[in-house]
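Before any questions on how it binds or moves, here is one chain, the form predicted alone, in structure tokens.
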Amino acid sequence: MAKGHKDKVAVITGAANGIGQAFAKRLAEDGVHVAIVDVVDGKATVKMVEAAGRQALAVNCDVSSEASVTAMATEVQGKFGHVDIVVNCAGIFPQKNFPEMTFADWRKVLSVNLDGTFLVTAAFVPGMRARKWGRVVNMASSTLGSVVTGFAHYVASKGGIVGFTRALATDLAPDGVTVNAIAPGLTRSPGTLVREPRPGFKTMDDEFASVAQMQAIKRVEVPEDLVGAVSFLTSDDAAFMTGQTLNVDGGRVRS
């Protein structure tokens, strides 16, 4: 088990299911109390966290709205008093080819994926700086290092997250706060299972299988494949690691 997790408090966005839920479960098992932030009901994740013996709070929040994030932060701090860890996992990934993409399509993805990462981080960083300890983990994507059509807005948002991670790491290092990112590959989760497959694939299972064959480890990625990375990056063991993007994609991106 990584060091320094006991009785820390984490805010995890997009934690009602999928990757965010897997993160919440693992950090709770590591000894972390968890605020589950999502636009849908987070009760199932609350039960997982409490089953691990940790305190949990589910808060409904639209991370693209400054007012909603401010209200969420007030509720979380009212429950726990402070926050040590922020994991920005909320994100959307609609598919649309660029010739058909509207500015509204573009702004919706950027507002959730990139603006949401900024707003949630900004809400809790002042407290981390004051206590001289904090961990921020953002979700990037292996699509930055591979060719994917129909996701220009999504890939742009994830590129912004990588840049934000690097820049913020520089700004916060003097105050004992590290900022890193995890870049997963195509992960089998509730969010990806309901997505329409890309052109050339009949089903999402076909697309999962195709991507797995591009990886060094030739099986479909699942949320549990990512939990070790978030456990490490939020621990004392990662105190000398900041500004980095960790590819956890089965070796699809190898350079």
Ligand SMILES: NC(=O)c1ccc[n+]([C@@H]2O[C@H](COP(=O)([O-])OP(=O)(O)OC[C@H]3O[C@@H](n4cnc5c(N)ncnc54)[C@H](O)[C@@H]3O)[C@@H](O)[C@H]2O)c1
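Start at 1 with the first residue shown and count on from there. Because the structure is predicted, anything quoted here is derived from the model rather than measured.
Below: the form predicted together with this ligand, not depicted.
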{"query": "Listed range touching this ligand, judged in the model of the complex by heavy atoms within 4.5 Å, from 76-84, 132-140, 97-105, 172-180", "finding": "132-140"}
{"query": "Among the candidates 119, 90, 168, 128, the residue which, in the model of the complex, approaches this ligand to within 4.5 Å (heavy atoms)", "finding": "90"}
{"query": "Residue (of 39, 57, 227, 52) lying close to this ligand in the model of the complex, criterion heavy atoms within 4.5 Å", "finding": "39"}
{"query": "Residue contact check: residue 61 to this ligand in the model of the complex, 4.5 Å heavy atom", "finding": "yes"}
{"query": "Contact label in the model of the complex: residue 164 to this ligand, heavy atom within 4.5 Å", "finding": "no"}
{"query": "Interface membership of residue 233, this ligand in the model of the complex, 4.5 Å heavy atom rule", "finding": "no"}
{"query": "Non-hydrogen atom contact residue 24 with this ligand in the model of the complex at 4.5 angstroms", "finding": "no"}
{"query": "Contact set, 154-172 vs this ligand in the model of the complex - heavy atom within 4.5 angstroms", "finding": "154, 158"}
